[in-house]
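Below you'll find only one chain, the form predicted on its own, shown as structure tokens.
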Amino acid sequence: MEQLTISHVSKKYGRQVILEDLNCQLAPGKIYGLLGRNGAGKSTLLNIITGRIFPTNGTVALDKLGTNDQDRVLGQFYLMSESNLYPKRTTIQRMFDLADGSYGHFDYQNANRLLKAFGIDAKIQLSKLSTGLQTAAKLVVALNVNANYVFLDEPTLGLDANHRELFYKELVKSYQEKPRTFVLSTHLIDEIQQLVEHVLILADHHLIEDADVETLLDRAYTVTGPANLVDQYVAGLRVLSADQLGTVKTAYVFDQLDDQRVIPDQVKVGHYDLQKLFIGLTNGGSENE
């Protein structure tokens, strides 16, 4: 498998900027989270990568081959999106056959097993299913298509808690049995934190974070204690937000804490999760105290 490289990608519609000068790489055999608030450009980026739309500037390349007009390259990408691009009367079985015809070696046996797990009849038309079951049917295709890069745009749309848990379980199983790159674009950050190895965070048209989850969370600290002591301790650090109840304050820091910074006796330092970090990073800025 080759590495996917995104270089100086921008997208504009008239004067409206959607993405601006994005640079990143997606490695083979890794699970990524693509995170951003509504309108951040996540779907636009996935559509550019998979050749559904063209960037205003920049390139997308697999190894040294650009995706434009490169059937061999685009044949390694599969995008499951919210949009239903199938003709109205397309059955689930027909979806399987289309995936097999386009990519070859579709795993019919596992796909049919998953249909039973989700309670879906292969003979039914996709358009006749509820939103959640339409999502489930498209996930079954995505998990069994023969592509090295699988992009999942809002893969849990309409799924109930049981079906979301089933999807996460089957995603890990599929990844372990056949390692390839998955990119999940979702708002359910707390649910995917244990699945993804690396996150890309979009905000204000730019890529603001591109790092392994563990590396990011190693810098995400809560500092709790009397407000005056907390303020003293976090002075000069990047504070994303803070909560205060009475005289007790919690500051959410995203920075390195060195051994020279002495922790006062009444102050406790802990860690917070990826969702809280995402909210802090995309809420419009931070304060250096």
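Predicted model, so just to flag it, every value in this text is computed and none were measured. Residue indices: 1-based, along the sequence shown.
FYI, the form predicted together with another copy of the chain isn't displayed, but the following is about it.
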- Only hit among A117, I124, A211, A203 for heavy atom within 4.5 Å of another copy of the chain in the model of the complex is A117
- Item | 4.5 angstroms heavy atom contact with another copy of the chain in the model of the complex for D63 | no
- Query: Is there a heavy atom of R164 no more than 4.5 Å from a heavy atom of another copy of the chain in the model of the complex?
  - Reply: yes
- Query: Would K276 count as touching another copy of the chain in the model of the complex under a 4.5 Å heavy atom rule?
  - Reply: yes
- Query: Are any of the heavy atoms in N283 no more than 4.5 Å from a heavy atom of another copy of the chain in the model of the complex?
  - Reply: yes
- Item | Candidate stretches 89 to 97, 141 to 149, 105 to 113, 154 to 162 - the one whose heavy atoms come within 4.5 Å of another copy of the chain in the model of the complex | 154 to 162
- Output the sequence-ordered list of residues from 78 to 100 with at least one heavy atom within 4.5 Å of another copy of the chain in the model of the complex. none
